[in-house]
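Just one chain follows, in the form predicted alone, and it is written as structure tokens.
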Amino acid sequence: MSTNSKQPVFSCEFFPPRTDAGMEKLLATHQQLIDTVNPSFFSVTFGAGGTTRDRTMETVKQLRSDNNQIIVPHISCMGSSKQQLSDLLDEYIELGINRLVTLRGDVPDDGTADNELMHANELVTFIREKTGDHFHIEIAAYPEYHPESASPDEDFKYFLNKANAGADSAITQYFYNVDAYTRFVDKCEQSQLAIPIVPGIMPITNYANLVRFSDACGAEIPRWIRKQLEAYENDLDSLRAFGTDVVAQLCHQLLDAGAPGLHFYTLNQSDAILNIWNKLK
């Protein structure tokens, strides 16, 4: 894996709040992260279906009006027609948005979806055909393989298809094994794919939630981490201190290995990210 000579780029991810109180809390979290981390951008996740899609747009507008930071919406083809996607892209262009995180997305809760595009590579192609080079397009990467993939080789083929459709960079699913990331980047280089692959970083603050998230998305929790978290299950302070040490060390190792930056999954909270950031400094 080659090293990266440029300054690392840091970014943070939010999800759209469901209540006014949640939005107020998010705006406070947003400001805390600006004051301390000052990320290059904040991304906002996108849910399938109308209500969650509307909340993404509202969150993007609120964050843009709250501060002069770059806000990067997620966009998904699942549950959206080409016309809906086209209208959404037009609205983002009008808002001055020039960067997107482009995903296939999850099937809506009711199981229905108005899909004309079925895969992320088709969505990347659609955005490029409609908007040219207006958007910097991020795609998702899975160093430990997407849970729906039939094999590692098939999973990597899908990633290359997305990247070669016109992606500018990629953000990974979170992981706790540095080797998974470095091997994935090496594989990209061997395939002549030169886009930056930014590691996604998930803080460790709650054992049960982490296990549930990880089982759902296919992220491995190494046994030595899992056993220590089990031991701290009823000692939240010790669990969070251990989690901060583990994730900060992971970040150091990734940056030392040449990662072009770090993308923090904040879960709309600032404390865990700020604790990791203080150790990184």
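Numbers for residues come from their place in the sequence shown, where the first is 1. Predicted model, so just to flag it, every value in this text is computed and none were measured.
Note that the form predicted together with a small molecule isn't included here; everything after this is about it.
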Quick one: of 62, 244, 40, 45, which gets a non-hydrogen atom within 4.5 angstroms of the small molecule in the model of the complex?
45
Go through 97, 103, 210, 89 and name the one with a heavy atom inside 4.5 Å of the small molecule in the model of the complex.
103
Is residue 265 close enough to touch the small molecule in the model of the complex, meaning at least one heavy atom pair within 4.5 Å?
yes
Hey, in the model of the complex, is residue 180 touching the small molecule, heavy atoms inside 4.5 Å?
no
With the partner left out here, check for me: in the model of the complex, does some heavy atom of residue 119 sit within 4.5 Å of the small molecule?
yes
May I ask you to check whether residue 140 falls inside a 4.5 Å heavy atom distance of the small molecule in the model of the complex?
yes
Give a yes or no on whether each residue among 158, 161 and 173 has a heavy atom within 4.5 Å of the small molecule in the model of the complex.
yes
Which of 119-127, 80-88, 187-195, 201-209 lines the interface with the small molecule in the model of the complex (heavy atom within 4.5 Å)
119-127
